[in-house]
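Heads up, the chain below is alone and in the form predicted alone; it's given as structure tokens.
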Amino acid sequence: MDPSKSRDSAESTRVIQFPNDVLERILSLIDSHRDRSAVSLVSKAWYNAERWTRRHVFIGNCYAVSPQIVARRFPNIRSVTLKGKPRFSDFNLVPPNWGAEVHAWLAVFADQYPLLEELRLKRMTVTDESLKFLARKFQKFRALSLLSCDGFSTNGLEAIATDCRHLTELDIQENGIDDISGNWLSCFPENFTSLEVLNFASLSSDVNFDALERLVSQCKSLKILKVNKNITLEQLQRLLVRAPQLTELGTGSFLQELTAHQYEELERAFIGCKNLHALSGSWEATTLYLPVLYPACTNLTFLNLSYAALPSEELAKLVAHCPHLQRLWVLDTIEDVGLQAVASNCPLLEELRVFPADPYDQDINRGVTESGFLAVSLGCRKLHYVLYFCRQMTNAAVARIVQNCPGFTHFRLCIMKPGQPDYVTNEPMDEGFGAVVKTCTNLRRLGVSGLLTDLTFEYIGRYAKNLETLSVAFAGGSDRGMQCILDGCPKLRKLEIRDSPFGNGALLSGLEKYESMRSLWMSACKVTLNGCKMLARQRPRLNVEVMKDEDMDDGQSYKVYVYRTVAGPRTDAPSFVHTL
């Protein structure tokens, strides 16, 4: 062996040695959890430095690791993001009382992280007792975000408001909350001034408006305020006058009738909000009062109208005032004409989400089609994130859309009727989704729908080399489709499948893949209990959980959740969850 080559190789693999304090200072400047994880693999010294300087930890599955393991690995955590139930729980596919309770985590955090400042939970079960425990045990606690959580009531919010004296953020979004009363807002101390983010848009009860007005008046650093639909336009005006510094606003209902003087006062209040860049809410927005929003639209980058069933003409008038819009969420009541107005007025648009106003009525003919999507792709060439619910689509339209916007990283197309083909040619939608994965080389998330054969999944496996998350519903022809995905997508982390014909052969084809993924969900597929047992035997480091629908006896009654874990089988599984 050439000694010079050996010396060059050693030089190329040598890790620069820094003093510990210098290395820790450098690593403290890295925020990305992925980058920090990569850094920890460089050497033992870097591992230890990263360990001691880590202040935030992200846990994508609360059963992938135990709180004790997290505490041993990272002793100085101040902020935790924790996710619980599988995403399909949003569609009621995960049975009630499945698990993902946060209290065991809080008990460990209280002992190991008494200086914890931030907790962000998604799809976790949170009880009032847990919120009271949180408020009592963490004296420097500052930020609480609950997204799609359940199990608690406004009594728990009272404890947070009463005892978290340094609170800067209270963000309550889309939770299954027992909304007992709105008196929790009056529990903030009289001299409380630290709040920067307050979001209670998803709560349904009337709130104590006097307490809310006092809170908004005192918190001069308040930047984000999202109220529920019970706040009237007159009350909104009073809040805006007291908080012109807001950067994000969620309005209440637009149903109130205003006098001419009240309308002028509200319009003047919106004119005074010079810093708004995000606007949401607008429940029951009407032609009469929607124009009061126009003065606030000039600098908007995010407009969320997913609670406002606007017709196309009203959306057209609104977006004409939004030249800098980058993100737009709407209901399909805007129809294709509304999307054409978006294409004409919002050239900087990067993200579009179109939700169904009535997802369960298959007979409705209105909504959006391929024409609206095509228009947006022509007028908004920076578009890279889309969630699009529609009644019909064609392969040719999808191909043209991705040709116009080849930079898609997130492409979720939901054709509302399961198994719907290209409505012009009556062919499967294979070539449309094939065009997506061939053209969009940076695609990270894909949701497929419509009539699809194994060819779609062959295309995905062959071309989607950066794909991380794939959602499949009512699609596929045989086990080969799923096999193509597992064999061909090297970066795949989450695979979600429902109502598809994949069986044991497909499931077991991923033996070499699952330990590098975060999770696999399969429901109403052709997987059997024996297939799940075989997977569990051959991959003991995976948790293979099986849930059976008790009222079904066919071969598609199992729900299977597979995920990697360093904590072993969970100890809180209910009787209907069997860990193999």
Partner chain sequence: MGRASAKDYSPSSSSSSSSPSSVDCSKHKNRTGASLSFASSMCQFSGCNSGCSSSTRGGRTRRGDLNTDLRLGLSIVSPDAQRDNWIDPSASKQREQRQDWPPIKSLLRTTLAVAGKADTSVSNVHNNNGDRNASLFVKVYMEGIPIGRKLDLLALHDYDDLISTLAHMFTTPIAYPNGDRADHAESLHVLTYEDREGDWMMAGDVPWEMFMTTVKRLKITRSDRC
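This one's a predicted model, so the numbers in the text were calculated from it and none came from an experiment. Positions refer to the first chain, counted from 1.
Omitted from view is the form predicted together with its partner chain, to which the following refers.
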query: Since exactly one of 444, 480, 438, 498 fits, which has a heavy atom within 4.5 Å of its partner chain in the model of the complex?
result: 498
query: So which of 111, 129, 264, 90 gets a non-hydrogen atom within 4.5 Å of its partner chain in the model of the complex?
result: 90
message: Counting any heavy atom within 4.5 Å as contact, can you tell me which stretch out of 316-324, 470-478, 272-280, 76-84 lines its partner chain in the model of the complex?
response: 470-478
query: Can all three of 373, 488 and 542 be found with a heavy atom no more than 4.5 Å from its partner chain in the model of the complex?
result: no
- prompt: Given that the partner is absent here, does residue 148 sit within 4.5 Å of its partner chain in the model of the complex, heavy atoms only?
  reply: yes
query: Taking 4.5 angstroms as the cut-off for heavy atoms, does residue 234 touch its partner chain in the model of the complex?
result: no
field: Residue contact check: residue 462 to its partner chain in the model of the complex, 4.5 Å heavy atom
entry: no
Residue 190, heavy atom within 4.5 angstroms of its partner chain in the model of the complex: no
query: Along 428-457, which positions have a non-hydrogen atom within 4.5 Å of its partner chain in the model of the complex?
result: 451, 452
